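Only one chain is given next, in structure tokens, and it is the form predicted on its own.
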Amino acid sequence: MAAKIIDGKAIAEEIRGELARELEELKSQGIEPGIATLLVGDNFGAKMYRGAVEKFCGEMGFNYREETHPEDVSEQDVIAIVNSLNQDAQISGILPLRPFPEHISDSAVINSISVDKDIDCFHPFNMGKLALGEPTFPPATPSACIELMERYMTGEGIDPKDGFEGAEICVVGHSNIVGKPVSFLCLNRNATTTTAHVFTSQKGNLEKHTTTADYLIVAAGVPNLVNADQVKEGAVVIDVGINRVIVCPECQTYNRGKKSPCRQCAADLTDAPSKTVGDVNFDQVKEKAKAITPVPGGVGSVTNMMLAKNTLRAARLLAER
């Protein structure tokens, strides 16, 4: 029996409605939430994300401030910009869009962000609170994973508290952005949590961990890293990966770019089509799992709603000070 598809778009719309009511309540009290983005340079991915945040702020009714600066701006000037955002009463959340140019330290910028406006949990203070089980702003993508799991459990008649407690959860990926924080969020819910990653896979040990998991969260950034043989029968699979790949017209192998020949059959990829895929082989795994998130249309759809939720919380907390 094919897996149930966990519809992130539908869940995101449910959350949007819930947050709209909260936003209306805040605005009735004179509280206006807002987000600022900070982009240095011309990175394509960062610019795409900036555009998505601006659109999202317009749809939600948030204030929005864009700070975009040339690649040669000094680190000192960037920190001064962050300080101005810290002081801006119309901004309740600051999003640094990485990567920064080499001469600008990630940590220097992130450490200069007010912990009260760190809505995606980049600051070490907020990450420390997350590790201790006391998060103010749980990071957006990890929170989206948990939200999808909780709503899936509720739909199956399972109290999420009972669903997490003692469950075998394997997280594949150990980045500071997703893997580590989502492991903390699961641990904080008393799950039995294992963290694996691409190096586990390189040693041939990934299956030892993934095939025992009741819930499998895959966030390694490697297309088709996990296939059906690496998934427990009846598991729930949350695929965080978003990979743009080139599909070889000869052998259907996924490749990272068109400049090189296919890594499998050496075919020319100049006119090959591209597609967006996750870290999980969806077509295989959906035949074995109990439920699975699609890519696109899964975790990514809910991530912005979690960012909005943190922004509303930040606005409320700042107003109470």
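In this text, residue numbers run from 1 along the sequence as written. Quick caveat: nothing in here was measured; it's all calculated off a predicted structure.
Separately, the form predicted together with ligand NAD exists; it is not shown, and the next lines address it.
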So, in the model of the complex, is residue 101 in contact with ligand NAD at a 4.5 angstroms heavy atom limit? no
Partner contact for residue 178 in the model of the complex: ligand NAD, 4.5 angstroms, heavy atom: yes
Is residue 141 close enough to ligand NAD in the model of the complex to count, meaning some heavy atom within 4.5 Å? yes
Partner proximity in the model of the complex: residue 189 to ligand NAD, non-hydrogen atom cutoff 4.5 Å: no
Ligand NAD: the contacting residue among 208, 232, 129, 174 in the model of the complex [heavy atom, 4.5 Å]: 174
With the partner omitted here, the residue among 136, 243, 227, 112 that in the model of the complex has a heavy atom within 4.5 Å of ligand NAD is 243
Look at the stretches 216-224, 82-90, 158-166, 67-75 and give the one with heavy atoms within 4.5 Å of ligand NAD in the model of the complex. 216-224
